[in-house]
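Shown next as structure tokens: one chain only, the form predicted on its own.
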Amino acid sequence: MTEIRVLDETQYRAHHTLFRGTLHYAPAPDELWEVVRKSYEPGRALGAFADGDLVGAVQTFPSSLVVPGGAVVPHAAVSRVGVRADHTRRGVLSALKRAQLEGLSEPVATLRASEGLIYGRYGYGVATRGRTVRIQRARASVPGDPVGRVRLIDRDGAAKLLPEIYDRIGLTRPGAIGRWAGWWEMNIRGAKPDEQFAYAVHSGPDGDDGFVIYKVEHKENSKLLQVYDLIAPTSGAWADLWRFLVGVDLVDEIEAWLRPLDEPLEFLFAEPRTARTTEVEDETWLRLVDVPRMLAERTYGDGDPVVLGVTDRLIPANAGSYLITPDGATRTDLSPDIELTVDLLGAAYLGGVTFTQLAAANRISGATANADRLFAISQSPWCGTYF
């Protein structure tokens, strides 16, 4: 019999050790644990116990999510999910995920999936994707003149300044999420001193308006500059930061992971072939916890009304028909034009996949063209925050 419990601070390290073990990592050393410990918040870590032993773990972080139209809603960032190898395929994860969903106060949750077959059955759908871009530095030339300046800062300066900048400029694109204090602690203070991360800030006419975090890896016969985080909401700041990166000496190639699908890097450089996509991966897996609220939070485009019939195996209160019009979304007794499960609605919610694409994949049928027009967005959804 598996028992699900909310963990207290005396159990956090065991929770983290179990999670790392499921990913085949050793327990966090004391120095790292002191950083990780600060990312735990009361009531957000759950454990599964069998015969008194901790055999499963899940956790959430308090965040926010930008939805189409610009509204920012409370959001739970789900992470540190794992089941001990000797207790897998016994319903432990299902019990954990059900308890987690029942306990959430946020209307939406997202996660990053270690495996693609797991989370659809818990109502999560792939809502954003990102691409890995590789840039040959020797061929990289950015036409035009800078609009601002880029300056390097040290880690202490980054720990103070970058969260301030992100809070001001980071929540603009649909799919972007708020970064909690523990995220910054893990990603800046948690970096090992010998990893040599660099932090660069862009300043424009109105002050600091962008930043990039990167490091240079020494390969056998080359040096690779890896971009870990680049946030710039204006075209000028964005171009200046890339101009800065391709100007870093003693680097052969630049690689940026999970960048927006619509980021026009190929057109930034004088030679478009300078940048090439090497991989496209899923990024955000989104779970609508409160379907009526989340459908009402986002805006819609011009199009004929569509009725969506939603089913939700884990949260029956979400099930029903919803009338979507350019003016908003409401429950209705009308018959559905399109019937779909909550994971597919989550995939389409941010506009990253169309209803017509889902129909082409034989996942749904009905008036998909009307639904596409209502859910259409002008910018590819993207999170940009890995957790």
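Small disclaimer: the values here were computed from a predicted structure and weren't measured. The first residue of the shown sequence is 1; numbering continues from there.
The same protein also exists as the form predicted in complex with a small molecule; that form is not shown, yet it is the one meant from here on.
Visitor: Heavy atoms within 4.5 Å of the small molecule in the predicted bound form: which stretch among 120-128, 201-209, 301-309, 141-149?
Guide: Of the options given, it is 120-128.
Visitor: Which of 234, 132, 88, 136 has a heavy atom within 4.5 Å of the small molecule in the predicted bound form?
Guide: So the residue touching the small molecule in the predicted bound form, by this definition, is 88.
Visitor: Taking 4.5 Å between heavy atoms as the contact cutoff, choose which of 171, 216, 113, 101 touches the small molecule in the predicted bound form.
Guide: Looking at the other structure, the residue within range turns out to be 113.
Visitor: In the predicted bound form, does residue 11 come within 4.5 Å of the small molecule, counting heavy atoms only?
Guide: Residue-level check for residue 11: no, no contact with the small molecule.
Visitor: Flag residue 22 as yes or no: does it have a non-hydrogen atom within 4.5 angstroms of any non-hydrogen atom of the small molecule in the predicted bound form?
Guide: Yes, contact at 4.5 Å.
Visitor: How about residue 82 - does it come within 4.5 Å of the small molecule in the predicted bound form, if we only consider non-hydrogen atoms?
Guide: It does: once the small molecule is placed as it appears in the predicted bound form, residue 82 has a heavy atom within 4.5 Å of it.
Visitor: Would residue 226 count as touching the small molecule in the predicted bound form under a 4.5 Å heavy atom rule?
Guide: Although the small molecule is absent here, residue 226 would stay clear of it in the predicted bound form, with no heavy atoms inside 4.5 Å.
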